[in-house]
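Just the one chain here, laid out as C-alpha cells, in the form predicted alone.
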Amino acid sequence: MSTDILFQPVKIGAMEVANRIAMAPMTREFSPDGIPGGDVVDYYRRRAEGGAGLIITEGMAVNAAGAHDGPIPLFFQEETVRASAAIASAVHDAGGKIVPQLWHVGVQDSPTEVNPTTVKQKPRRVGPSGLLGTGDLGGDTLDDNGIADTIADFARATRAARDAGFDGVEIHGAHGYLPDQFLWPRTNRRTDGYGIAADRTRFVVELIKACKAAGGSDFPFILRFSQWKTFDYDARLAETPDELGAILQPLADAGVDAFHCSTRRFWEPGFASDPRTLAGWARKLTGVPVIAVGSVTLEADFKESLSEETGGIAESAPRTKDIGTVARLIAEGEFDMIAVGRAMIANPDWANLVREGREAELRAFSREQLARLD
C-alpha cells in the first residue's frame, strides 16, 4: 500500500503537523541535576531532521514529589525550562513541532537500567489513595489542598512550556502514573468527589481545564492513556467500549485536543468484541484526533520476555511490514498519527527512510543504544 498518507499534514488543535509521524516519549535519563544539555538538544534535533513531524519529549517532572528516580528533566526548575527552550528552538529550526510530556509518577517509581548508579533523595510519593497498583500502601493520600497544588503545578508547567516556545503539551496519563491512578479503581479507593464511579474522572478533568486555561485555547493539549501499567501488562482501565467512552468523553469535553493511545502492540484489537484497535475506539468514541503507538517496525514488543522485576527493554530486529499496516489504518480512519519509539532511537531518520522507500535500511534496536544519545 502507498505510504503517501503518512506524509500528509494533520491538525491537533491549532497546531498543524507536517506529517503523521511522531517521535514517542521515552525516558532517557541524560539530564544531570534535572537540566538537559546540548547532547539532549542534539538528540531531539536529529529526529526532527530525520523527518518526524512531531516530537514528544521524554517525561518532564512537574514537581519533586512526582519526579522519576533518575536524571530526568525537572520542569519545575527555572534553569530546566530555560535549557528546554533550546530543544524547542532546535526542533523548529529542523522543521518539526515539539511538545514536552509533563509527568507525575504518583505512588509509583520505576527506575530503568540506563543509569543504574544514579541515586537521588526520594520524596514521599503521593496519589489518590496512597496505593500501589498491587493494592499495597506505597505513599500518602492527596488531600484537597494537595490535589489543588498538584493541578497548579501542571498548569504552571504548561504556561512555562508555552513561554519556552513549545507547540503544546502532553500529559502522561498512562501506565499507572498519577492521572491514571485517579482513573483506575484499583488505585483510587476514595469516597469523596474524586473517587467513586464517574467521579474518578474529576481530577483529570480539572487538570485539563487548568492546563488549558494556563496555556490558552490555541495551545494544544494531548493526553496519553493506556490500559496496561508498567507493573501489570494485563491491567484494564476499561473492560468494554462503553466503559472507555465514559472515561474519555468527559476528558474530551474538558479540552483534550488529541489522545495518545499507548499500547504494547499498535495493531491489536482493543476489545474482544471488535477488531478495532484501542486507538480506533478512542477516535470512534470521542471524535478527537488520536495518536497510536506500540512496537512499530519492531519484531519484539516492548519488554517482550522481560519482566518489571528483571528490568530492561527488549531488543528487536526491524519489521518493515508495519509501515503498510500503519498507512492502511490511517487511511481507514482508525487513528490520525503513529508514534515511533525504540525504532526511532535506532533510526533517527526513520521518517525519511520510509518517505524515500528505503525501509529495508532500517536498523535493529539494541539495548546498548540506551546508554548513549545517538
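A quick note: this is a predicted structure, and the numbers were derived from the prediction, not measured. All residue numbers are counted from 1 along the displayed sequence.
There is also a form predicted together with a small molecule; it is not shown, and the following applies to it.
The stretch from 335-343, 321-329, 31-39, 46-54 that comes within 4.5 Å of the small molecule in the predicted complex, counting heavy atoms only, is 335-343. Contact with the small molecule in the predicted complex, judged by any heavy atom within 4.5 Å, is made by just one of Val296, Leu74, Val256, Val107: Val296. This chain lacks the partner; the member of His175, Lys212, Arg186, Arg156 within 4.5 angstroms of the small molecule in the predicted complex by a non-hydrogen atom is His175. In the predicted complex, at least one heavy atom of Gln101 sits within 4.5 Å of a heavy atom of the small molecule. Although the partner is absent here, Ala24 sits close enough that one of its heavy atoms falls within 4.5 Å of the small molecule in the predicted complex. Among heavy atoms of Gly59, some come within 4.5 Å of the small molecule in the predicted complex.
Proximity of Arg224 to the small molecule in the predicted complex falls within the 4.5 Å heavy atom cutoff.
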